[in-house]
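Single chain ahead, by itself, as structure tokens, in the form predicted alone.
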Amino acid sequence: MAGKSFLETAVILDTRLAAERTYISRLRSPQIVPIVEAGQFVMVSFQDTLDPLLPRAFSVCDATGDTLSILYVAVGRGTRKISGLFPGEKLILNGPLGTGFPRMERGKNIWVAVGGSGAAIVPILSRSAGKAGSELRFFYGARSKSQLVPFEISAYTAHATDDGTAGFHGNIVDLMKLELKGAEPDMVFGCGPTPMLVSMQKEFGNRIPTYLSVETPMACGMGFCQGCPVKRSGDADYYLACKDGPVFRSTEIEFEVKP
């Protein structure tokens, strides 16, 4: 569960283009970095301006020393504005927030599926697994090769693209099914677009411990606005993604996907 969090003024160190419209910004954040866990997020807002009005939620991409990284696709006004900030400029961070992925243990074999901005978790999960002695296998999906971020990690990584320009030609869950070959992992993690998570839940959720990080807009990140509901499995009630998640055990939730 989420614990201590800080409201911190973080200084931009640098920003780089990592893939098509995808950026990684590094910020000096000495209060948040030591306590953040893989799968948690920060709410980001601008200093001295109300444009855009609401803060944005970003998964923590990496955290080492006093440096925190966020990865994002610059498609809206807020993310485009962040990508254009110069070193020395400041952002307001509130975090770490939410419930992350289960802590890893030595000898555990964990498969991780990521797609889109969900790929943000790759570096911090890889670092966490190295410390714990767990074995990770990443399955990274995108529409095309140009959208894949070339992460520098030692963990096994398999790619799938919708257009076949890199790796497996098809979706990431079909690739994972091909690679199972009778040897199932101890756990499965997923972070990416909702259709990918729905497919993972259907394929793995009832036979392998599966943890999914849901994607949903968040206005406050702390449960006050009640704006990020996630339906409880077999219940009429709802969790809040920001407060109870964003990572849930697959069996705990239902996706309300329109046909």
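Predicted model only: the values in this text are computed from it and were never measured. Position 1 is the first residue in the sequence shown; the rest follow in order.
If you look for the form predicted together with a small molecule, you will not find it shown, but the lines that follow are about it.
Enquirer: Given that the partner is absent here, does Gly78 sit within 4.5 Å of the small molecule in the model of the complex, heavy atoms only?
Expert: Gly78: contacts the small molecule in the model of the complex.
Enquirer: Would you please decide whether Ala166 lies within 4.5 angstroms of the small molecule in the model of the complex, comparing each non-hydrogen atom pair?
Expert: Contact check for Ala166: no, nothing within 4.5 Å of the small molecule in the model of the complex.
Enquirer: Closest heavy atom of Glu203 to the small molecule in the model of the complex, within 4.5 Å or not?
Expert: Residue-level check for Glu203: no, no contact with the small molecule.
Enquirer: In the model of the complex, does Ser59 come within 4.5 Å of the small molecule, counting heavy atoms only?
Expert: Ser59: contacts the small molecule in the model of the complex.
Enquirer: Which pick from Val73, Ala155, Ala158, Ala129 sits with a heavy atom within 4.5 Å of the small molecule in the model of the complex?
Expert: None of the others qualify; the residue that does is Val73.
Enquirer: Counting non-hydrogen atoms within 4.5 angstroms of the small molecule in the model of the complex, say which of Ala120, Ile172, Leu136, Leu93 makes the cut.
Expert: So the residue touching the small molecule in the model of the complex, by this definition, is Ala120.
Enquirer: Look at the stretches 99-107, 112-120, 158-166, 84-92 and give the one with heavy atoms within 4.5 Å of the small molecule in the model of the complex.
Expert: Correct option: 112-120.
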